[in-house]
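Shown here is one chain on its own, the form predicted alone, set out as structure tokens.
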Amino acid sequence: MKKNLLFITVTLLFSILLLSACSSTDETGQQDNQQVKDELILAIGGEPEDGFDPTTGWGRYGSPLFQSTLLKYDKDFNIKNDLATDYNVSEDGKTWTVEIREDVKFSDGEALTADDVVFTFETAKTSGSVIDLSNLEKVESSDDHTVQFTLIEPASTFIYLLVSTGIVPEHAYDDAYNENPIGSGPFTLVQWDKGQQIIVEENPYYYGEKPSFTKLTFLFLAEDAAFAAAKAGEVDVVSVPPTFAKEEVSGMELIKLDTVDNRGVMFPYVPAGEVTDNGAPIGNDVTADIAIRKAINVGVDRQAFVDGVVEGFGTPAYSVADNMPWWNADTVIEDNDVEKAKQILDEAGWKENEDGIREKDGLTAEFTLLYPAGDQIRQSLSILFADMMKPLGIDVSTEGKSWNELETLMFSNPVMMGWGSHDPIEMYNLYSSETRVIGYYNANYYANDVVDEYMNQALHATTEEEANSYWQKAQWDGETGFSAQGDAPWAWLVNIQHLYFVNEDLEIGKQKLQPHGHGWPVTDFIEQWHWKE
């Protein structure tokens, strides 16, 4: 205990000294107002382990800061031009042609051309990273400002790769690029003190809206130290967990951002009996029964998860994509109805024994709900979930496991998982019969031919509107779907709000629905932040 206290104290003292170095005072000891006006200090998340290379995933969860993308979302998820001035898709959906601006320079003063776009996507395709460009057959430039992408199969979701992939310079790209990024975004990296901070400054060549701040310092602090720095008035923006969010911080206001950063229970969809190629067991006889899954979805109290686990800082979740443009609002169900849940189980032949646990054909309604060990929120959600199952006659135990263990156990045990993306391809990954045993995708072996067909039609669509209509039908078409209204292979529980204490004089404006908690998504529109009038 003493060692922990000493560590926190030393960390905080170091942080305050570091922050003090970021401010200057004049001879009278007064802070330089001009410097305060032009600089921000932020503690909004962890240090990017892989650095700042978009070809390996940097910028997928927020502004790439140092790079620009071909397209971008506005705050309502409408797709707008960034580097692009126009794009079109061929009738067969396989050829995407993008025209780019002619006035763009990288932060080193060199012009950005179509060859840099080609280089970026070719590099990303072979990077072996989280960026999936396996469907990209080729990318080529027809002139300095025209790029043509040829896909193997039509994919409406390709547009989201154009939104999220920052463009890197072919002439300045090497093995150290992730630590020394050059790009055409609003800021440029000037200093990286690993484990401590990065300092960025305004890119003088940026073609877009001029940022109000010429310098940003991002601090990498533990939650306790970051919150202490906020209370000391040493940071302008700090992310906090729900446990700190109800405290008062002088000179700062709490900003609560709604999200699709969801948590839910993934149910093994098929009966037990099969194994994966690696010998891991597949299936669970209890959760393979749709009556169990339906009763759970109806019987849980989602608002109680919001109030009891994340202290009110969240919203009930009904799908993996609540309130996104491709979400089907008809997937919202009436929950916290224990009597209806009991009726579903009774009608399906699940009868209570003398211990109050339901049985059917010699099978007991019991299972172990797994969660990642060390994840306090998922542990608390799991414990409350198990408690909610008791009145239904379902016996649930909970157990934390390492991710390595979960990779073997998740095919046959329910798992408290978390997802949430700005790309509808996530729905395909979680619910398509083609994605079974690909990483953590569709680990419950869900399959529905009608859902597969809707999702394939969504992928083959040539407009966002057409694609979204099929994504919505895949969730629920009035008869079937992958939502709780249909096959209920998941019980989505809560969307966790992202919480920030922000300098009360700083205006960060409206934000998009935030994705799953990776990266720095709050920075999406950072060039628009400004001091209040």
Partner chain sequence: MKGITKKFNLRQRTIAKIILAILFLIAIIVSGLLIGNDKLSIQLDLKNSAPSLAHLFGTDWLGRDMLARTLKGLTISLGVGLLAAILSSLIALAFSLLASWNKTMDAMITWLIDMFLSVPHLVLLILISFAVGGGFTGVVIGLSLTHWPSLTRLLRGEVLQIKSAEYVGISRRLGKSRWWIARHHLIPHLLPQLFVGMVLLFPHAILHEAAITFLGFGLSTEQPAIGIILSESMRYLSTGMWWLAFFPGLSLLIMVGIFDILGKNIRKLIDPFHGQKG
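Everything numeric here is computed off the predicted structure, so don't read it as measured data. Residue numbers count along the first chain shown, from 1.
Keep in mind that the form predicted in complex with its partner chain is missing from the display, and what follows is about it.
Proximity of K342 to its partner chain in the predicted complex, heavy atoms at 4.5 Å: Answer no; every heavy atom of K342 is more than 4.5 Å from its partner chain in the predicted complex.
Interface membership of D224, its partner chain in the predicted complex, 4.5 Å heavy atom rule: Taking the distances in the predicted complex, the answer for D224 is yes, it comes within 4.5 Å of its partner chain.
Q376: touches its partner chain in the predicted complex, heavy atom cutoff 4.5 angstroms: Yes, Q376 lies within 4.5 Å of its partner chain in the predicted complex.
Its partner chain contact at Y371 in the predicted complex, heavy atom, 4.5 Å: Y371: yes, in contact with its partner chain in the predicted complex.
Which of 457 to 465, 395 to 403, 315 to 323, 425 to 433 lines the interface with its partner chain in the predicted complex (heavy atom within 4.5 Å): Partner-contacting stretch among the options: 395 to 403.
Candidate from K231, R293, K94, K125 lying within 4.5 Å of its partner chain in the predicted complex - any heavy atom: Checked against the cut-off, the match is K231.
Option touching its partner chain, based on a heavy atom within 4.5 Å in the predicted complex, out of A288, V450, I383, A329: Spelling it out, the residue with a heavy atom inside the cut-off is I383.
Full three-residue contact with its partner chain in the predicted complex, heavy atom 4.5 Å, for E102, E110 and A172: Answer is no for this spot.
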